[in-house]
Structure formats: structure tokens, C-alpha cells
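Below sits a lone chain in C-alpha cells, taken as the form predicted alone.
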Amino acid sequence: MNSAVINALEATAISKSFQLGKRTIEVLHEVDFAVQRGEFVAVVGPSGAGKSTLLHILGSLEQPTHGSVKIDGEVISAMGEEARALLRRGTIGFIFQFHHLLPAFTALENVMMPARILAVPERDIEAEARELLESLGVGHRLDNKPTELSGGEQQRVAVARALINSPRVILADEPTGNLDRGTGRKLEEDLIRFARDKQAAVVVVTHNEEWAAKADRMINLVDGRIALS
């Protein structure tokens, strides 16, 4: 029997470069790491180190110049654009520094949107969305539109939206960067709890040293390379 562990998320020799006139700008160079189910990994490093680019490649929003990305053993970086889009909808939850909520819809409707796209039964979607919003402390804001919410409330709605399809992989780029310390700490705890409960792989780009210290593992990215400690 093959007892090899299949990682939830695996990056192998990821390199990314851009052409700027006659110059080649190398953003990432031979980045290798893996994340297991239920594991919380923090990616840290100075601005311009390639952290956000790496996160976009892990989530198939960008393609690597070289290397591969696997989710549950499947090479997603080799997929066509349509297949990658389908995978993102049902498998990956994205959380960004800015919430990107749809202004015409209520908090509840914003959270339900990704599941509606996957044609999940409406009754199931609404029950799950309400439960998520309640657990994140904004259950009393179901019918409010984004402009009627504080910045912290908007971000918590965005987190609920990212979690609605129970993603196997959660990718977060400075998700608490615009929040006050108390709100940010609560959101951090909620994400860690979700990873443990749902056995999701979580990768967070952050400059918050306190939060990074709570991670199962830290990856220090410097000049597009993983710095060895």
C-alpha cells in the first residue's frame, strides 16, 4: 500500500520573471514548499520580495514562468484557463487586504454569491452563510450593504465569502492590514480555527510578526528566494 502523504498544496521550483524592455526582471526563483491539510503557514519578508506574486501563482491567478503548483496532488499550473477558473471557485478561498464586496448586495448576499455560482441549493447556501457571519461576529449585519458596514465588518464579511464553499486551500494577502488590533486578532483566531476544523491548508502573507509567530511554520521570502534560517 502506498502510504505517501499527498500535500494539500505543493509548490515545486516556482520561478516568475517579466520582461521590461530588454531586461528580464526575476520576481521568484526556484521556490519550493508544501502545506498539509489543517496547516497554517505564514509567508513573511520585506516589501518587494515576491510574496503577493507567489500567492497569486499558488491560487492560479498567475502562471509561473517555470515550476508547478499542485493541489491534492493535481498539477493546477498545467490546466487551461477555464479549468483553473472552475478550480478556484470550488477549491480555493481568497482573502485580500481590501474586501472587494459587491456594493449593490447585502452582507448575506455577498457571502452567498460564490456558492450560488456553483449551483448549491439556495436553502443550504443561506443557512451556511448565516452561520459563518454569526461565527465571525457580524450576524446582526446580514441585511446591511457594504457602505453601511465598518471596515472591520466589511473584512469579516469578505472572510465569510471566502469560506462559504469550504475551500481546501485558503490564501490570504495581509487580510488584517487595515483592521484595528482587536478586530484583527479575532479574525486571525477565526482563520486558524477554520483551518483546524475543516482541515484546510492556509497560507497567509503578513507583516504582522505576532500573527506569523502563531503559524505552524514561517517561510521567509527575500529577493524572490526562500531564506534559510
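In this text, residue numbers run from 1 along the sequence as written. Source: prediction; values computed, not measured. If you superpose the two forms and keep the largest set of C-alpha atoms that fall within 1.5 Å, you have the rigid core.
Note that the form predicted together with a small molecule isn't included here; everything after this is about it.
Visitor: Taking the small molecule in the predicted bound form as the reference, which of V41, V27, L179, I192 has a non-hydrogen atom within 4.5 Å?
Guide: So the residue touching the small molecule in the predicted bound form, by this definition, is V27.
Visitor: Answer yes if any heavy atom of S52 is within 4.5 Å of a heavy atom of the small molecule in the predicted bound form; otherwise answer no.
Guide: S52 belongs to the contact set for the small molecule.
Visitor: Is R217 part of the interface with the small molecule in the predicted bound form - any heavy atom within 4.5 Å?
Guide: No, R217 stays farther than 4.5 Å from the small molecule in the predicted bound form.
Visitor: Given that the partner is absent here, does Q97 sit within 4.5 Å of the small molecule in the predicted bound form, heavy atoms only?
Guide: Q97: yes, in contact with the small molecule in the predicted bound form.
Visitor: Using a 4.5 Å heavy atom cut-off, indicate which stretch of 41-49, 184-192, 160-168, 64-72 touches the small molecule in the predicted bound form.
Guide: Contact criterion met by 41-49 only.
Visitor: Taking the rigid core as reference, does R23 move its C-alpha 2 Å or further between this form and the one not shown?
Guide: Yes, because once the rigid core is superposed, the C-alpha of R23 moves 2 Å or more between this form and the one not shown.
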